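Quick heads-up: it's one chain on its own, the form predicted alone, in structure tokens.
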């Protein structure tokens, strides 16, 4: 379970690429009409923590989700996110909860249901952060619950399912043969 230099480099490269994707998602998100229901808008949230799904899925090391989300959020901020430094800090909150999901699986479970579970937990980090910094506290309780549920589902699909599909596709090319994702062939992944 020890990190190797190649794990760190790949984590940093993937997280940096995800940070650029986050910035693009920031800009697209700004096109949503202000009148959109917050619960519907929450359906877009999960893509903002895809680094927290794909990096741990490939390298399978403790701390991978938190590291990936921290780097991705920092890159998003550094590239000029309209959310400023909060792009970085919310990334850490989301990454912390995704990390908790992988920790609960002993950093050994990477099946589709487990990926969906771990990345859905990123929605809890998003909700808590958004409660204090993005006005979720001003919503009615039923809308807050809807926001949390939809955010978690969004995380499961956009960060969990998408990470698994992309990771498996890259694995089939042989490019990941030196990483844990390829070594754990006998185990369900």
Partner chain sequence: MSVLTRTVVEDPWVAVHNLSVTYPGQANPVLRNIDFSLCEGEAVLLIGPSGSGKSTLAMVMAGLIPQSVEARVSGEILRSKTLAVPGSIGYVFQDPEAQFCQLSVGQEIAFGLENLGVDPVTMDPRIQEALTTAGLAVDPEAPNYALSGGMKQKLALASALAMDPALIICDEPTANLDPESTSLVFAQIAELVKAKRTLLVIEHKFEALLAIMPRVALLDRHGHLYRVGPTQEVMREEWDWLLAEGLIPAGMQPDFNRDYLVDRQTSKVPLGSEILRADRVRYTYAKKRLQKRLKRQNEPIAMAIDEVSLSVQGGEFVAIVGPNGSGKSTLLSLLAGIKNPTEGTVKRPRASSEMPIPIAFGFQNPEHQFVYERVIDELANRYVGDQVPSNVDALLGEFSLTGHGEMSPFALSQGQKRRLSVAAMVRDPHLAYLLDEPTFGQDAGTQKKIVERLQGLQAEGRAIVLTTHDMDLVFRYATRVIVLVEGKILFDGTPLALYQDPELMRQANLLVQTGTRSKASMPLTLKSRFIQVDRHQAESPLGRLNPGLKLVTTILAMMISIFATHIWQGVALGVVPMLLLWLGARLTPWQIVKRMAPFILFFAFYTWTLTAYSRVGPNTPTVWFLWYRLSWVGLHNGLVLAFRMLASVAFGVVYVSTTDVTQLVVSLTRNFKVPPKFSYGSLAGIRVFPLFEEEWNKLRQARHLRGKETRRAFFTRVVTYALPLMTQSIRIGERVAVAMESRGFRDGVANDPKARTYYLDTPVSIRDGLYMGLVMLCGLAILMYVR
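No experiment lies behind these values; they were computed from the predicted model shown. Numbering follows the first chain given and starts at 1.
A second form of this protein, the form predicted together with the partner chain, is not displayed here; the remarks below concern that form.
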task = Establish, in the model of the complex, whether 78, 84 and 132 all lie within 4.5 Å of the partner chain, using non-hydrogen atoms for the distance.
result = yes
query = Should residue 153 be classed as touching the partner chain in the model of the complex when contacts are defined as heavy atoms within 4.5 Å?
reply = no
task = Examine residue 107 and determine whether its closest non-hydrogen atom to the partner chain in the model of the complex is within 4.5 angstroms.
result = no
query = Might residue 66 be said to contact the partner chain in the model of the complex, defining contact as any heavy atom within 4.5 Å?
reply = no
ask   = Contact between residue 114 and the partner chain in the model of the complex at 4.5 Å, heavy atoms?
value = no
request  = Sequence order please: the residues of 1-30 with a heavy atom within 4.5 Å of the partner chain in the model of the complex.
outcome  = 2, 3, 4, 5, 6, 8, 9, 10, 12, 13, 14, 16, 17, 20, 27, 30
